[in-house]
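Presented as structure tokens, the chain that follows is alone, the form predicted on its own.
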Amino acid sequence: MKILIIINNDYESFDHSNLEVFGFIEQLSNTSDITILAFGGPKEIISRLPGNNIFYNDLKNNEHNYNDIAETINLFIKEENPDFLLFQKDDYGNFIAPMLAFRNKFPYIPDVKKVVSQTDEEIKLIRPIHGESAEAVYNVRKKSTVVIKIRKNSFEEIDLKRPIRSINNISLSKSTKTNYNIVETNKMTPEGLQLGEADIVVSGGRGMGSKENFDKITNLAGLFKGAVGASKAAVESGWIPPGNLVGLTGKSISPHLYLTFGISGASQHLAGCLNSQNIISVNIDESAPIFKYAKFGVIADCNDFLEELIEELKKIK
């Protein structure tokens, strides 16, 4: 079985959720011919990944043109003819995986969280649907390359305590299949503790009312030494950058504690946070859907409650 894995790192640090892809492979087979195509990230860590061949582009000297990355991957697909093309769920995977599946007429299954079974002819996979309210089993015929995007926090990360191996450096191939050009790319370096790394996440939504009020979310997260999250409404209001979005179109998180303030609990938001071990929600609306999933719920004005909570925590500190 031939597998082509796409590893992406937007920044110089390594995104350890990429290691879950190998946990997925272990559920498929123990005898796989693995090729790794890595874009960005520290070379020393990339060289420790398990695979028959590792190809690497650091992205430092190139515009982050998704079409060029997709064209580079496409050339590898034609050369390798893999049974599976695997992506982690990230910004690159969300954009490039469906693009390549469409262009090549490959079957595409996103957000896979479990392998049910596999034969030489087909594979059965599970992914959540309807905003995490149900799960669907997909039966995919293996007549061509199957494109799969792995759902974060669904598979075990492999151990990186492996010897350093040789890496093949590659250049990006220029795409000729686009009617637009990317003129400029501005890379934003994230600050502070990131959502995927935090044991505690504090999120705010539309109910916070303003940018000034949303700053209380940041203050509380700091007191808890946690990360700041947000609903789509808060992001669209400009109170917090898009990188802090929790939900179907943002980050999927699984912290030990998830605190929400002024978030009603739309299905899109719940899709990103239901893996949290404990959810505590504060909302003035007692019929807010998020209370159905919260371990503890507080019916109160979120701004008033936040101010009192911050003052009490400062006394303890």
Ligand SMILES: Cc1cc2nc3c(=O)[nH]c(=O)nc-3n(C[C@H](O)[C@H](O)[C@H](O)COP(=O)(O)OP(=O)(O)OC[C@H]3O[C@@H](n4cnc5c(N)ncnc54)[C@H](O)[C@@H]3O)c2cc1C
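Numbers for residues come from their place in the sequence shown, where the first is 1. Fair warning: this is a prediction, and the values are worked out from it, not measured in the lab.
There is also a form predicted together with this ligand; it is not shown, and the following applies to it.
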query: Among 68-76, 88-96, 149-157, 225-233, the region lying within 4.5 Å of this ligand in the predicted bound form by heavy atom distance; finding: 225-233
query: Residue contact check: residue 245 to this ligand in the predicted bound form, 4.5 Å heavy atom; finding: yes
query: Any non-hydrogen atom of residue 307 within 4.5 angstroms of this ligand in the predicted bound form; finding: no
query: Residue 25, heavy atom within 4.5 angstroms of this ligand in the predicted bound form; finding: no
query: Heavy atom of residue 255 within 4.5 Å of this ligand in the predicted bound form; finding: no
query: Interface residue in the predicted bound form among 206, 142, 113, 124, criterion: non-hydrogen atom within 4.5 angstroms of this ligand; finding: 206
query: Among the candidates 284, 280, 45, 274, the residue which, in the predicted bound form, approaches this ligand to within 4.5 Å (heavy atoms); finding: 284
query: Heavy atom distance at most 4.5 Å to this ligand in the predicted bound form, all of 194, 212 and 218; finding: no
query: Residues within 4.5 Å of this ligand in the predicted bound form, restricted to 262-280 and counted by heavy atom; finding: 262, 263, 264, 265, 266, 268, 269
